[in-house]
Structures are given as structure tokens and as C-alpha cells.
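Before any questions on how it binds or moves, here is one chain, the form predicted alone, in C-alpha cells.
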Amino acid sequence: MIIKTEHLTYKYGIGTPFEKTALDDVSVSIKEGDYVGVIGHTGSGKSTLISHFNAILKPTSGKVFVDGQDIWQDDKTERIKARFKVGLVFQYPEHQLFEDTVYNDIAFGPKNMGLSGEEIEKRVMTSLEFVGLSKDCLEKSPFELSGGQKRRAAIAGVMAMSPKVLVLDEPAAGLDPRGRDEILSRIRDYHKETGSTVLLVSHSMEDIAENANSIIVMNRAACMMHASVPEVFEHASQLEKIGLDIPQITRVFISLHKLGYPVSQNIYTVDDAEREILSCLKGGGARD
């Protein structure tokens, strides 16, 4: 497992009137190379959980393992390693841009890793290509870029460190539909080409269904479910009770099935829907 937590608990404001349990006995295991969606209502513990994966937060109790190592052992070396192995892209990452040029912003992480100038340049160019920015942007101030370009530049800065795990907290937040699709498509290509583990935190069930292989469902500071996409979305009523939903296309096919049409209810993406409809039109009936 590339990331593992054992009985992870985290409390804010311990000993004050504002004390709150943000994570309560969370044990999850994430396979290397997986694409994991992380969902949950606001305040469920999603962001607090992912902030433990590269040692931004220290557990109140429990353990966090990255690549097999307990990152809160006495030796702080493991925490330093974890921050290079787990690249975390916060929501609205463009607010983190600060260098005078896009090149320097993307190169900041690799420079801190002590890499050679040649390796740094190689990583900057590779990550630039992954996020779909042109070389013309490199010498510009990041503050001259459009909103979508800033988002890509910030993500490129994390990708340039070649982390084993790329964690993205609502990377498409605030973007128009075209910009959202472009960002998610680039992340999907990055996952396929590098084999890195990707964690995508999102409120959009459609985005999760379209991209993830498995899903962690957070509810009231605990891990409610951690299973494959079909297994999670099969529990539609439970998800609705905690303020979540299933993809709209899934809801359509559940309704069609109830009306007597021979279609599968386990449809989560538009591509799945297209294949299912074509199968039915050809007389194949519903798939299992």
C-alpha cells in the first residue's frame, strides 16, 4: 500500500471550548497506482484526511504510513520524504503562485529537492506538457495568466516534483465546464502515463465516476465506505441520507429500469450509457 492510516484521529482546539474531532478512528489503505475519489459533505473530514498524507497535520492519535514508513516516527526524515512522495494541490492552488515567472514557480519544488539544473528543466517542461500550457508562458509572470492557466501552472508545480502520489483538493472548483473538463482530462492522462497514485477530492459525483477506480466516502469525521465505484454508488439511499448523491446518468437509468426498460442500473458515465443503449437497441438486453 502506498498510503495507509491506522486508527487515525485528529482533534482541533484540544482543551478549548472549540475542541472538535475532525477525524475519528479512520483506517484506510490506498493501493499504489490507484485513482481514488474522495467524497463527503462539507465538514466530513475530507481535507483534514488528505492533509495527513504529507505530514501537514500531525495525528492526535493513530498512525500514517507513506510507502510503508510511519511518517511520524522520531526521525523527521520520514516527514521530509513524505512531502516529496505525496504532492498536495490545495483548492484554488493559483493562490499559492508567488514567483516572478511561471518557470520559477514550477521549478520551485524540484529546486528544493536539490536536483541538477538539467533535471529541473526537464521536469518543468514535462509537467508543462502534462497540464497543457505552452512554452510561451514560461517567462511570463504567473499573475498575467488567465484563471485556468494559473490553475494549470500551480498543478504543474506539484507534478514537477514527480510525486508517487498526487492529491488534488477540488482542482476544478470555480472553473467553467470547458475548463473543468480540460483540467480533469489532463490529470487523467497524467495518471495513465506516469502510473502515479491519484486522489481526487470532489463534490461532483460525475467527475468521480468518470475518473476514479475506487471511492473513499467520508461522513462525520469517519470513513463510511471505501470500495470500487460501482460498489459505492450501489448504496444510493445511504449516500442521499448523508447529503450526497449519485451521478445524474445513474439516476436516469434507475428510473428507466423501474419503468420496465431492459437496461442495467449500474451506469455511471455517459460512455457507459451510450454502450448500454446501443446494446439494448441491438437486442442484447441489459448487461449484468
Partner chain sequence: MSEIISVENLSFSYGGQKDTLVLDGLDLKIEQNSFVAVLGHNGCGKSTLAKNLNAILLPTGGKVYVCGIDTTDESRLFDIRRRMGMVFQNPDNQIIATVVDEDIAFALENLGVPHDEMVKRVDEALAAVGMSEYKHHAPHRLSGGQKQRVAIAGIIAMKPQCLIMDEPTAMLDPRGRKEVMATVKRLKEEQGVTVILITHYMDEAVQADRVVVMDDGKIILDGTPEYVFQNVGLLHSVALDVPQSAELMYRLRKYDIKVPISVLNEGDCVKVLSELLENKIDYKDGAFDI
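None of the values given here were measured: they were computed from a predicted structure. Positions refer to the first chain, counted from 1.
Unshown form predicted together with its partner chain; subsequent notes refer to it.
Of the candidate stretches 67-75, 119-127, 176-184, 132-140, only 176-184 contains residues with a heavy atom within 4.5 Å of its partner chain in the predicted bound form.
A heavy atom within 4.5 Å of its partner chain in the predicted bound form is found for exactly one of His226, His235, Lys63, His41: His41. In the predicted bound form, Ser29 stays away from its partner chain, with no heavy atom inside 4.5 Å. Using a 4.5 angstroms threshold between heavy atoms, His7 stays clear of its partner chain in the predicted bound form. Interface residue remark: Phe253 is counted as part of the site for its partner chain in the predicted bound form, having a heavy atom within 4.5 Å. Its partner chain is not drawn, but in the predicted bound form it has no heavy atom within 4.5 Å of Tyr190. Residues of 236-257 lying near its partner chain in the predicted bound form, listed in sequence order, are Ile242, Gly243, Asp245, Pro247, Gln248, Ile249, Arg251, Val252, Phe253, Ser255, Leu256, the criterion being any heavy atom within 4.5 Å.
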